[in-house]
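Here you get one chain, nothing else, as structure tokens; it is the form predicted on its own.
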């Protein structure tokens, strides 16, 4: 690895900023990217690089930030954070617009939700150039720049133009769609995005499937390019394209669930709900998570299996997200209406089938929930990976529990001992819940321990090291495959 700085670039900083009593308050950002990288930085990165820097969009306006902090960068837990400030127009047209009303629905296989507006893409270009300007303030020769996710897909080539010899990596945390979907983008947009990514030395995806989709899109979008297996050659430069499945800090979760405090809290959850069995889902309240589908599946389960009345509780923890976007507002309203209907139809005075929480929870509460649940129901319509599935498995200290996982979650390609279902098949979800609730202790133990071993051997430290070590393997691999 490089002896220079590691400069991480993502939309959000690893800590959220707020102001309380005229003082800056920081709290950990939620989400797989921030959580995963914080764990990596705590477990090895600080020994591999001279210093750790993170550039992202600030939660506060420039005016408020400078009033509280001056123009200083914020350092916390060994990470120097460099905030970028965006105007209201940029947030509306770049973030809410191109990122989350074009790329997000298209890449997550909801093409009918995409809104193609010229001004959205123009603001996307402007935002990527703004991020470039901030990187120019931080970058020095010998540094490694690691760009993350769909917000910054033009950035690698912009950086390459400024720094021809820089070490630049890009990792996409969401799926890359098949070309039949990718081609929905106007030709100039889809070409600029592919060329933007090709400025990186290494482009990483969650699964081999997403790699195949990207490779096909490269060939179908650009003029003929030279490809030697996993490497492309453009303008006498080689770009490695490979899958690197993101993971979690297994030991952190596994240790936490064994603590006396967590065990007491998990027991308290079970006692309070007074149910024989607990089912758990933890998701952002996003239409890609197929929450409405799974609720209808749970409703079928209740209708077809009356023997579980007052014996099963379904904890549905939905984290607020993107509530300014119309499709998210509609999804929230539909989900909450269905929850009300199910609880009203099947509940009793002392029992609500669905325990609904629309909030974020801290690490300890999350681990207690994982520890208390007999079944985790993780069935998104589409997901790049889904780290909740890995977190649940890691928190099963007694080697029990059942994971029900959608076949279209990236984690399904790794967690082979989960029960795999189709998120659109309500009857399959209902039937699988019965199977999960009646699975023998021996079968649970066999499945959980195999998945735990896989996660233990393929943790977040391995994911980050594999990606960052791949810079040193590019020349060797290209020469071997030539």
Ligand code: GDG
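From a predicted model like this one, the values you see are computed outputs, not experimental measurements. Residue numbers count along the first chain shown, from 1.
Not on display, but discussed next: the form predicted in complex with the ligand.
Any chance 206, 319 and 385 all have a heavy atom within 4.5 Å of the ligand in the model of the complex? Judged in the model of the complex, 206, 319 and 385 all sit within 4.5 Å of the ligand.
Among the candidate residues 91, 284, 332, 82, which is the single one with a non-hydrogen atom no more than 4.5 Å from the ligand in the model of the complex? Among 91, 284, 332, 82, a heavy atom within 4.5 Å of the ligand in the model of the complex occurs only for 284.
Find the only residue in 57, 430, 69, 30 having a heavy atom within 4.5 Å of the ligand in the model of the complex. None of the others qualify; the residue that does is 30.
Counting any heavy atom within 4.5 Å as contact, can you tell me which stretch out of 269 to 277, 359 to 367, 185 to 193, 158 to 166 lines the ligand in the model of the complex? Of the options, only 359 to 367 has residues within 4.5 Å of the partner.
Report yes if any heavy atom of residue 143 sits within 4.5 Å of a heavy atom of the ligand in the model of the complex; otherwise report no. Residue-level check for residue 143: no, no contact with the ligand.
The ligand contact in the model of the complex: residue 104, any heavy atom under 4.5 Å: So residue 104 counts as contacting the ligand.
Quick one: is residue 249 in contact with the ligand in the model of the complex, heavy atoms, 4.5 Å cut-off? So residue 249 does not count as contacting the ligand.
Using a 4.5 Å heavy atom cut-off, state whether residue 391 contacts the ligand in the model of the complex. Taking the distances in the model of the complex, the answer for residue 391 is yes, it comes within 4.5 Å of the ligand.
Output the sequence-ordered list of residues from 171 to 187 with at least one heavy atom within 4.5 Å of the ligand in the model of the complex. Stretch hits, in order: 173, 174.
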